[in-house]
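Below, in structure tokens: the form predicted on its own, a single chain.
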């Protein structure tokens, strides 16, 4: 089983402004990958999806890839 990326790197708060980390959890089409694929815990997956949605709304991440 994969280890949670955020616990492994001691990241307590998933920040919507940290685009490089958020991009790791998006597939090439720009969709958020599920927690089974990424190995993120369910709680962190919810925080991750909220951060991605916030970043999309502010224009930091695209809604779909070209």
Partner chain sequence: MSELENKKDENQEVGHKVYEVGYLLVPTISPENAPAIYGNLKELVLSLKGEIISDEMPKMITLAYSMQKITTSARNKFNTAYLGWIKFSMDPEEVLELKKKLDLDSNFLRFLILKTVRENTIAAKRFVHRDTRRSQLHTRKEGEGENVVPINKEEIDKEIEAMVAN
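These numbers come from a predicted model, not from an experiment. Positions refer to the first chain, counted from 1.
Note that the form predicted together with its partner chain isn't included here; everything after this is about it.
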So in the predicted bound form, does residue 50 come within 4.5 Å of its partner chain, heavy atom to heavy atom?
-> yes
So in the predicted bound form, does residue 42 come within 4.5 Å of its partner chain, heavy atom to heavy atom?
-> no
Residues within 4.5 Å of its partner chain in the predicted bound form, restricted to 3 to 32 and counted by heavy atom | 3, 5, 8, 9, 10, 11, 13, 14, 15, 16, 17, 18, 21, 24
